[in-house]
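Structure 1 and structure 2, given next as structure tokens, are two forms of the same protein chain, each shown alone.
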Structure 1
């Protein structure tokens, strides 16, 4: 899902979220606090529909969308299974002992209990990297694993 944002001088800020099916949601946040929400068909200038929300209404809708007021049963079930897990990231410094070595060579999962699920390298994302992937300075390693193991992973990367 891509999100772009841009300034609207004298008005506020515009956010566009690509949602698939050739559609996008455009949110304009005005300096006054008002929000305009548009559902757009790609390459059309006229919205399929639009809604104007006050600051308070927008915050309430945001809370609903974020799940702060109602949690679907499937989310509760998943959280009960992975509740003790964390998804986080660490940036590899130039003094890290893991620079220039592969994920497999480092045996990161065996050593820390954490699994690298992505590497963000500049503007490139390497999703589900295989064990032959070499770690470079500046890589952001996105990991998943037991919450209690994350501190050990940080020490492993920074050490």
Structure 2
């Protein structure tokens, strides 16, 4: 999936994501926080459709698209293969309180019942991280644990 980005001086930044069927989605992030979504057909000058979102709306839509509020059935099926356990991951945001602290000092397993089995940091991954491992912004924490504990874990990372 190709994503290209460019500056729109005086307006903001433009991201183009090529999707299937000769279509692409263009996201324009305004300096004001407003987002515009355009669906473009290749070789066509005018967008097929467009929608304008406020900062808040865009975050909500983003959350739904990333599957953090509701998981589609397909994902559910893959998870159910491991029975009552889930394997999933959470990306650490820059406002998370766990940034800069180690797994050990956070006592993550005791607090949430979920175990971190890997940290994906940029292009590298840290498998079975030590308790002394520090968590950084942008880390993707891959966890395993009882299904019911996962939501608590998300709140732990967000908080």
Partner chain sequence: MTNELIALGGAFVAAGLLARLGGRIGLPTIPFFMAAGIITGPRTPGLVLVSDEVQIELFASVGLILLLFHLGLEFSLGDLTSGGTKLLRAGGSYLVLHMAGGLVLGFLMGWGTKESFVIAGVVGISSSAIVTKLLVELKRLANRETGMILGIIVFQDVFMALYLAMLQPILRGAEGAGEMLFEFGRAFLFLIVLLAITRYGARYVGRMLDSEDDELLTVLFVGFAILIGGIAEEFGVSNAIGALMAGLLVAETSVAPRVERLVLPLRDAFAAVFFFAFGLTIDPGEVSSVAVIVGIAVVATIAMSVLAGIIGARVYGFGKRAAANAGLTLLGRGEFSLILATFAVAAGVDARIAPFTALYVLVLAVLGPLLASESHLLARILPERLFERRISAIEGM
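Numbering follows the first chain given and starts at 1. What you see is a predicted model; the values in this text were computed from it and never measured. So that the term is clear: the rigid core is the largest set of C-alpha atoms that superpose within 1.5 Å between two forms.
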query	finding
Answer for which single form is the form predicted together with its partner chain	2
Threshold 2 Å Cα movement between structure 1 and structure 2 for residue 136, core superposed	no
Rigid-core frame, C-alpha of residue 13, shift of 2 angstroms or more between structure 1 and structure 2	yes
After superposing on the core, C-alpha shift for residue 62 between structure 1 and structure 2 in angstrom	30.7
